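As a starting point, one isolated chain is supplied in structure tokens, in the form predicted on its own.
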Amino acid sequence: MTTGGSTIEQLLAAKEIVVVCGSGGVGKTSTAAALATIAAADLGGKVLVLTVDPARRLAAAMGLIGLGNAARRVSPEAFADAGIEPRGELWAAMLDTKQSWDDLIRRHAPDAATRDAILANPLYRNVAGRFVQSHDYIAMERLFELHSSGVYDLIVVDTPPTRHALDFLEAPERMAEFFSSRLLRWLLAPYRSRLVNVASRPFYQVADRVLGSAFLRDIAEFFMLFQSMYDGFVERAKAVERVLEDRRTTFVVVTTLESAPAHEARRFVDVLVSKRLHLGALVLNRVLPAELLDQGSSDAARQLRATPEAVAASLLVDHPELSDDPKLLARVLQELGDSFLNFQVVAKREAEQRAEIGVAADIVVSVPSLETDIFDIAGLARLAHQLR
């Protein structure tokens, strides 16, 4: 069920980047893949879903074994098996942090000597992809690269769980700050000059004994080489920020209405609003059906609860096969009425939460629990149907 003035399809048609965010376990990855499926199937063009979350459910759902940095097309046969004839193409990729860093170095090192020195540096070979914000930063670099290439009409990004998604947004700025920080300058100072500050000499003497001078030289060389790319980091960080702030980019927040995920969703919505980023849609997964709020259904449940014997007697007139024991049937009907009214209380609470979280979103979509897990394109198509 969709509320708001627009639809998911209209949102996808108007955007070039859709960033899907949410807590772990709320259906974020499946939602990202389903949104890309909608776009490829109905809107045409070339659509890419890029997962930053290391979970491998996306690849499994699309029938792509060994998904990695290089984008791969979801086969037309996979769509045909689901009874879908797509107007466009659906592609998928999963961020490979180490490979993406290597590619970044090769593209943006100031010269061949610096490029080769960084790639050969022992510290880089061992920890590339693990240091300060590296996964989040390179994800933003990869998104910027793919968008700038103009190859895809729409890119849907499946981010890490919400708390890390905040790092994802802030990674370019933090990376630039790190490479210009006083701490890094202090660490590198002894290797830029033979003069070692009296205050820092004891630290380096101990560090040399514990870690080995070769290790410290590797660290110094590693960061000194990276500092040669500082201007590029800052320039691209600003470019990424401009892309995220552009109206061609939108964010979709996915959550359930359980306490912890809903709290994180509200927090993330507040962050998007404070950063003036466009919140295109809020997807509420596994919500109770709207029929629970229907007044007629509520009245029927109360009648079952209040007069189960009379309802049972009436049913048995036309359907004697239902039970040989009218009292047993009456108890069952009373339990059904009680259960409905109990679920109705939860449904009303969900409705209040939905209104509270979705106040800043253009579109709010409520998706009921699906009867089966999503493991193929047909499953994604079922979820896509609920998202429309």
Ligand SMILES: Nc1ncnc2c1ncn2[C@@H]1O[C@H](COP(=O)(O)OP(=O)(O)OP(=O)(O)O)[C@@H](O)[C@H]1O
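Predicted, not measured: the structure shown is a model, and the values here were computed from it. Start at 1 with the first residue shown and count on from there. Only the largest set of C-alpha atoms that superpose within 1.5 Å between the two forms is called the rigid core.
What comes next is about the form predicted together with this ligand, which does not appear here.
K.L.:
Looking at heavy atoms inside 4.5 Å, which stretch does this ligand contact in the predicted complex, given the options 315-323, 29-37, 329-337, 42-50?
P.N.:
Looking at the other structure, the answer is 29-37.
K.L.:
Within 4.5 Å of this ligand in the predicted complex, heavy atoms considered, which of Leu11, Ile17, Ile374, Val365?
P.N.:
Selected option: Ile374.
K.L.:
Answer with one of Arg72, Lys275, Arg266, Arg286: the residue that has a non-hydrogen atom within 4.5 Å of this ligand in the predicted complex.
P.N.:
By the 4.5 Å heavy-atom cutoff, the listed residue in contact is Arg286.
K.L.:
Answer yes if any heavy atom of Leu370 is within 4.5 Å of a heavy atom of this ligand in the predicted complex; otherwise answer no.
P.N.:
Judged by the heavy-atom cut-off of 4.5 Å, Leu370 is in contact with this ligand in the predicted complex.
K.L.:
Using heavy atoms and a 4.5 Å limit, would one call Ser148 a contact residue for this ligand in the predicted complex?
P.N.:
It does not: once this ligand is placed as it appears in the predicted complex, Ser148 has no heavy atom within 4.5 Å of it.
K.L.:
Report whether the minimum heavy atom distance between Leu383 and this ligand in the predicted complex is within 4.5 Å.
P.N.:
Answer yes; at least one heavy atom of Leu383 falls within 4.5 Å of this ligand in the predicted complex.
K.L.:
Is Glu258 close enough to this ligand in the predicted complex to count, meaning some heavy atom within 4.5 Å?
P.N.:
Heavy-atom contact with this ligand at 4.5 Å: present for Glu258.
K.L.:
With both forms fitted on the core, give yes or no for whether the Cα of Val346 moves by 2 angstroms or more between this form and the one not shown.
P.N.:
Yes, the C-alpha position differs by at least 2 Å between this form and the one not shown.
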